[in-house]
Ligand code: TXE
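For reference, the chain that follows is the form predicted on its own, supplied as structure tokens.
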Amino acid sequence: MKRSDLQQKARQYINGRWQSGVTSGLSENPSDTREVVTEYARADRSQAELAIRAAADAFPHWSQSTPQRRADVLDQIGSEILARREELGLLLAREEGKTLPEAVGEAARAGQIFKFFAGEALRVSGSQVLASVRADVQVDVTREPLGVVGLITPWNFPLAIPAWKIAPALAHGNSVVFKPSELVSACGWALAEIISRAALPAGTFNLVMGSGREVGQALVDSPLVDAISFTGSVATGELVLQGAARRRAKVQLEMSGKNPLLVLADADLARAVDCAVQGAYFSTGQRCTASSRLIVEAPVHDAFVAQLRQRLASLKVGHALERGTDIGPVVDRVQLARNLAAVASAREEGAEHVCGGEALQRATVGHYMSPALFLARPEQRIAREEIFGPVACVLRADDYAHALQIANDTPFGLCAGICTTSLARAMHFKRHAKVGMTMVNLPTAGVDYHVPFGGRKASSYGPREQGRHAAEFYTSVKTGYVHA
């Protein structure tokens, strides 16, 4: 394998110092598996516990710091990320496989998130002074930081998701132990390297890279970790919840989705197809908000499928850094195998294959896959299980009521979209879709950073992420009584 141009080995960052790991690992470029993006240090449980102890020791000082100091730190981090967004985007595209424009956009989003929470550090909210029901008694309600927060993040948004966890944690006065996915260790290290220069007290922010079995489990088990925010699979999220619940730690989970996009007979069909392509296939379908169930009213079903098939045939699948690439590679060989197995399962269950779903060969050896489309029934696995790849199915609906019923018939509830020109249908859908986020005439995979993010049912657990609502997770409410 050839070495990348990232010269410095990615190391742990514990108690204000860069440290080697117990073992090491390699992250590779999914567009060209011959290229090693970085060699990274892997921590074990004992190293993770050192980081947790450092965070616990740092918490008293950071939690008592002024709002201005927190704002200055976060603003500095955000400014550097934005100044280096092209460089960081290039690293992200090489390590995770997003197309370069998407990767640069994600890097910019990470910088914007830190900038937003720099402002939030100064906009201390939630404090109230109230009159008591008793004479001569005053009541005040305040928010306080939790303590040590463990942050476990996935590979699909290796800069943005860590940013929307780290930034509010620090803004509200908590100390952090950050564990990124091993598939994107270089991105995790690059973000930590920027944060390390932001004049934080030693131990306030710590990076530990390693397996979920050791590093992740240490965060779940440690009595010094007051809260855990996790983004990943339902199966792992349930283990995090069970482990944290045993010691009554605060938990926030963002997990899977099987998100519907409804296309009604009155929809602008060209817009609907565009929403489906962007929502289901861009970022290689590797988004929890991807619209993998396309529920289409019968009168426009065939026309929609024909136009969508034509659009998919025009998309370029290729190296993430090549100009004009629409869909990059799948993140690794394991995920590619899962995607291909899901396609094979759909065929076996009788879903009608429209196009795509094959492994592709390109000039460089990578994990390439053509975007797949099936016509399915609601009970088939392809319509019920998250695949996390460029795979979607179309479900025929008799009318709007039937489409809404199909949309809500799922254990997940992250987001849902509708394409229609009827304001009445759009408003009804927004009220009755059993999800945390709705989109009207927009792709399901596209959210803003200053508003709440999260879902219902098996998709999410605990307070919402992002925006001002992040305070609900990263702080604790205290009520005080004073006799005048």
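Worth saying up front: this structure is predicted, and the values here are computed from it rather than measured. Numbering starts at 1 and runs along the sequence shown.
Beyond the structure shown, there is the form predicted together with this ligand, which is absent from this document and is the topic of what follows.
Checking 356, 232, 78, 145 against this ligand in the predicted complex, a heavy atom within 4.5 Å turns up for just one residue: 232. Shown without its partner, this chain lists 175, 292, 252, 156 as candidates; in the predicted complex, only 156 has a non-hydrogen atom within 4.5 angstroms of this ligand. Within this chain, residue 338 lines the site of this ligand in the predicted complex, having a heavy atom no more than 4.5 Å away. Residue contact check for residue 188: none of its heavy atoms lie within 4.5 Å of this ligand in the predicted complex. Taking the partner from elsewhere, residue 94 is found to have every heavy atom lying beyond 4.5 Å of this ligand in the predicted complex.
Remark: residue 213 counts among the residues lining this ligand in the predicted complex, judged by a heavy atom distance of 4.5 Å or less. Contact with this ligand in the predicted complex holds for all three of 220, 236 and 388, each having a heavy atom within 4.5 Å. Of the candidate stretches 400-408, 145-153, 194-202, 367-375, only 145-153 has residues whose heavy atoms lie within 4.5 Å of this ligand in the predicted complex. Contacts between 173-198 and this ligand, taken as any heavy atom within 4.5 Å in the predicted complex, involve 179, 180, 181.
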